[in-house]
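Following this are structure 1 and structure 2, which are two forms of one protein chain, each written alone as structure tokens.
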Structure 1
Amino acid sequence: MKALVFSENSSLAAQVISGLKSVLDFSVAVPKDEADSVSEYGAKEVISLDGNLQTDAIGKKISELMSSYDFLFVPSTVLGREVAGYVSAALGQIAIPEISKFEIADSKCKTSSLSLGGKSIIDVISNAKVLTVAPGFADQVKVPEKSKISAMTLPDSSITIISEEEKKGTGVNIESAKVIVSIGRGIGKKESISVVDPLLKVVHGELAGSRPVCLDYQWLSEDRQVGLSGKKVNPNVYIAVGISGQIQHIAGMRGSKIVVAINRDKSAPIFEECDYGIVGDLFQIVPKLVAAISG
């Protein structure tokens, strides 16, 4: 069976191709600047899109292309979700959102996806053709031979951008950090964040946090939030301090190579996701960890 991936982000597209190329033949459509980097992951064809990258223009072009494909996979970004909505409406097909698993079962698709606002995972069998894909779907695996690249021009868009203003942040980029110390609600109050300062120093880490810490309480700036609605990070080491490990948080840190968790509740879900787990009070454990690392 044949599938098309659309994404404005070549890494997210590469995750889908890497995860499913053993069961589906893939073509991938990306903006022309991303075409070369996505050509290394085993798609049969890379379609390099030139022109106005607006939802309606992309949606129209992808809908036309879908006559040659059984499925459309769209990594879940803001633009991706808009395009998936456009295409599923144009094709008169249902769309399954935020899948984390995909299988073919009797020519239908069997998917697992987040549901109830991310509170649970639902497994369904359906005739869906359009699927949005949760970040961290699979590891990206390069193949020796590059895909052939063909160019396509997008049709005109009815959308005109009249102004654009960059959102102000602190300039921190946790997405490129090699070591992250991430704090959760377990830290208790803003003033207690200083307990991780010595740890950040000895591991040369960047500070990040869960959604309650960054968004609800604003103890850290929003650009430090890790998770489904925050940043997707892939450091060598991710140290989760006082974080319970809900699925929406895990969605942002699944790409971490080594995960260390400190939590006083031994049944916290974060312990299912970590390589090294320490059960205990973070205010006692963190100084001991610093002393152990410092030698």
Structure 2
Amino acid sequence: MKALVFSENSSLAAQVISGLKSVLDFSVAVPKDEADSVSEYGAKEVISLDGNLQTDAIGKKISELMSSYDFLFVPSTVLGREVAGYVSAALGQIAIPEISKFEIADSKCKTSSLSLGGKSIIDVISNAKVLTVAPGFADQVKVPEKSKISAMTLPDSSITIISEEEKKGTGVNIESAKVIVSIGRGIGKKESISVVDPLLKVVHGELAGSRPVCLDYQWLSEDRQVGLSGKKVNPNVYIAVGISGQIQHIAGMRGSKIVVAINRDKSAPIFEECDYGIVGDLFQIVPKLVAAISG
């Protein structure tokens, strides 16, 4: 069976191809600037999209291409979700969002995806043709031979951008971090964030935070927020310090391979999600943890 991947991000597209190239023949459509970098992951063809990268233009072109494919996979970014919605409506096909697993079962697709804001995982068998894919779907694996690249021009868009203002941020990309130390309201105040600095140093981690820390109190910048309304991360190690573990936060870090939680409340939901949990005062535990790691 044949599948098409669309993404404006070659790294996310490479995750889908690497994870499923053993069961599906893939083509991938990406903006022309991403075409060369995604050609190393085993797709049969890379379609280099040139033109106005607006939702309606991309959605129309992808809808036309889908006559040659059985499935469309779209990594879950803002643009990706918009395009998946456009194509789903244009083709009259149901869409399955945020899948973390995919397999073929009697010519239908069997998927696993987050539900109830990340609180549960549901397995579904359906006739869906359009699927958005959660970050961290699979590790990227390069192949010896590059894919052939063909150019394609997008149709005109009905959308005109009249102004554009870049969001202020620190330039950090927590989505690619291998180790994350994430703080919650348990840290108490902005001045106390420095308690995790030694921990960040010994684990070579990136600092992140929950929604209250990043948006409500603005102790950290918005681009460090993990959660349903923030970034979705999949590090090798996620250390949650003073985070209770509400479902909106869990939805953003569930792809973490190992989760360590520190919280004084033994009934905090984060302990249902962690591999290693420590109940106690973070201001006492973090220095001891640093000392233990430092040897």
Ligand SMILES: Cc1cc2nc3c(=O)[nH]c(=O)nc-3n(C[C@H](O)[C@H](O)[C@H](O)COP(=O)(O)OP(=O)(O)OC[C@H]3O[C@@H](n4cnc5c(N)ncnc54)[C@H](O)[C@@H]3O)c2cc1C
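Residues are numbered by position in structure 1's sequence, first residue being 1. By rigid core we mean the largest C-alpha set that fits within 1.5 Å across both forms. Only a predicted model underlies this, so the values are computations on that prediction, with no experimental measurement involved.
Between the two chain copies, the one drawn from the form predicted on its own is structure 2. Relative to the superposed core, Val38 undergoes a C-alpha shift smaller than 2 Å between the two structures. For Arg211, a C-alpha deviation of 2 angstroms or more is recorded between the two structures after rigid-core alignment. Once both forms are fitted on their core, a CA shift of 2 Å or more is seen for Glu191 between the two structures. After superposition on the rigid core, the Cα atom of Lys232 is displaced by 5.4 Å between the two structures.
Shown is the Cα shift of Leu289 between the two structures after rigid core superposition, which amounts to 3.7 Å.
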